[in-house]
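Two forms of the same protein chain are encoded below as structure tokens; each is given separately, as structure 1 and structure 2.
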Structure 1
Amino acid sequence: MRKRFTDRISHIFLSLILVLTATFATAQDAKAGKSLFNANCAACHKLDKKLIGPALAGITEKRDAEWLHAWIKDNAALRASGDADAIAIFEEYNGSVMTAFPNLSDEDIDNILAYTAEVPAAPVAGPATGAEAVVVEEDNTVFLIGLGAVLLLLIVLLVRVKNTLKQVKGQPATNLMEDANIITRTALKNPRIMTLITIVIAVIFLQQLFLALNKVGVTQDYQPEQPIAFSHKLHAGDNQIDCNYCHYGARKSMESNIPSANVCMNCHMNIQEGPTTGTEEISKIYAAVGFDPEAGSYIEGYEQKPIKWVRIHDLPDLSYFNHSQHVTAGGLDCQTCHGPVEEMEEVYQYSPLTMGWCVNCHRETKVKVESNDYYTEMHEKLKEKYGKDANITVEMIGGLECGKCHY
């Protein structure tokens, strides 16, 4: 009896191990399949919707595994064999030839199919990251009212103390308004006090005027709302896209161009959903250029609409600034002027871009003489003049000449 019970427990335990092992193996297959899918299939297929090719979620329920293996490894050979389904798919997608994958093993294909058989997890709702975080400012109104009440109470107490002292001396008591009137008349009659008051008022006025004039045309921290919530942190930071890929004009011309929507479409023709805003912001690009993400093609005869980006960095017309001079010849990083753009969700003006700021930079920045062929002849002369190991700054090569920036 005991042996039968032991055997039954052993069978149950062994079955449980087999079930867990199979579940673990399936999970591992799907995990490996996801990596293979992203590397080989994701450029043309999505799980949940049609891209260049059909959606692949649940494909194992529509086709048997043997047919799928043959199609993935060499779909051209499958069509050549006269397979009706293969020919029908080829014609449905206007003769678009799918890449053959003879390098994938049967195990690799099974892993990919296991991944497509999984139901995609629903996205977890979280706080919106496309908009700016709302900063709650502390309200000090109650504190200020309380402080004012305390000061008023102290003034009243001081007046009462003063009147008490007057009464002790046998003098008549006065109220607050009478005291203020006496002080004002005394000050107006005293030329020294009036001169001091006039000087204090004039200094305060001139200081405030100077500060106000210094802010004219200075837009540091300017961060306008843009028509598309483009995240530089995601593109330049997380994905490490070179600034010059989009702003290619910075290397070759005076202006660092605002990229056209065609540059965006180089990636977003295939990447149709963002990690934070989903399809909401990318769909605005499609609406501008007339791209149908379902069909994977541009809409014929569509009237394209410009994306009205708001300019952030805008120097006055009296100043000349050449991006290529700084980026290509000077070898400066974009962050020197624009700050840590790769950390910004929405770009803002990091530096003041004032004349004083530029002059200080020219005084402190060393010229990259080594491995810089842009001014080979000038560099040789500078080495002769200041010495081979001298720290040559931009100021030494005429960086403070008026005509360099004000032509």
Structure 2
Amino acid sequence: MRKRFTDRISHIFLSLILVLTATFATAQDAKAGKSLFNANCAACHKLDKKLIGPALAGITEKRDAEWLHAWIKDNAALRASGDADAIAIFEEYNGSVMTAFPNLSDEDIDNILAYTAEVPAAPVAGPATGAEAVVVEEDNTVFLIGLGAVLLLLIVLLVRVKNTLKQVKGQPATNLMEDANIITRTALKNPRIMTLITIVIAVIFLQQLFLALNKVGVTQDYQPEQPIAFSHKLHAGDNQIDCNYCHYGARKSMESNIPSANVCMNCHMNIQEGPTTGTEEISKIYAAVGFDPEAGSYIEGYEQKPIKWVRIHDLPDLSYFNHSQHVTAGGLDCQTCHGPVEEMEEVYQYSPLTMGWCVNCHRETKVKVESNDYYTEMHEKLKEKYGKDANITVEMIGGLECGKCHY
């Protein structure tokens, strides 16, 4: 009975491993497909939008595999055979001729199609100026390898359990030791060496755990890719546009806003080309607000889509940070906390944003008691309390009280 039970479990794990390798295989295919796509198709096709040819995301849902193979190998021949779909799509694209790919193998084509199937089908086409859909690729490989390793370990354990069970029944054990080489054999037999190995593994594990825990929540240097290649260096640096022109919230309120696309349009209605990216990046602003640069006017009835900027600085919900308190009352420059933003092509998180960082500055920084309208009343009282010339730090006005920074 018992033996059959462990056998069955081994079977289940074996099938799991098979499924895993299959997942691996398709992941690999899509990867190969991506390179093939970039090398052969990307000049005329994108996945998410129309270029010279149609968007190819989700194409395997629209056409069957046989048709796709025939089309990709030789689209002219397929049309010549009188295939209605082939003739229709050719006419839809005003007779633009797609290159024939007789040299791509069936496997290559399957790989390319696997890649196109990885992303969801393209949304209904926006204006011809471009769309801002961003394709995010997830990489599961590490996770899969980890899972595979854990399963393998389980199998080894199961085999050992199975052997032990056999021994209990009084049968001669199929001795694992016999297969092992001499070094591991002596090692496994020696309890001291086993203890040593266990300790080393435990120490490494604890050290890694410690490192990982230390990093939790600290996101310094975080620099995500943004939907539009917006350069602070070009705008705030080279063109000297004031931070407050766009982040007008920082002076007045808790949040420092990210400007809406309409703020960009104040200038980009007329500035239609950039020095490094030409019209490519600026056209994404137009796609968001529905502006036709050729006509110089907004497209009527267009549903505006906000630009999905990726947030960089983000304190956990338990803490309270107020910009105007620091910028207006405290008289601090943006750069004190955000670094030389006007030199950054892409913004990154300059400061650690940990509690220690806030608290240290509050301990060291003197409150600017003069010329400070924001907290005039409170500052007046402080001057009375500590005397006019005292060095009043933020700590002294309550900057280390838990309740000031925590809800």
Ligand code: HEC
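So that the term is clear: the rigid core is the largest set of C-alpha atoms that superpose within 1.5 Å between two forms. Note that the structure is predicted; figures quoted are calculated from it, not measured. Please note that residue numbering is based on structure 1, beginning with 1 at the start of its sequence.
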Open item on the list: Just verifying the output here: the form predicted alone should be either structure 1 or structure 2. Which one is it?
Closed with: 1
Task: Rigid core fit then Trp71 CA moved by 2 Å or more between the two structures - done: yes
Task: Thr60: Cα shift of 2 Å or greater between the two structures (core-aligned) - done: yes
- [ ] Please check if Ala236 moves between the two structures, taking a CA shift of 2 Å or more relative to the superposed core as movement.
- [x] no
Task: For Leu36, CA displacement between the two structures after the core is overlaid, in Å - done: 50.9
Task: Val203 CA shift between the two structures in angstrom, with the core used for superposition - done: 7.9
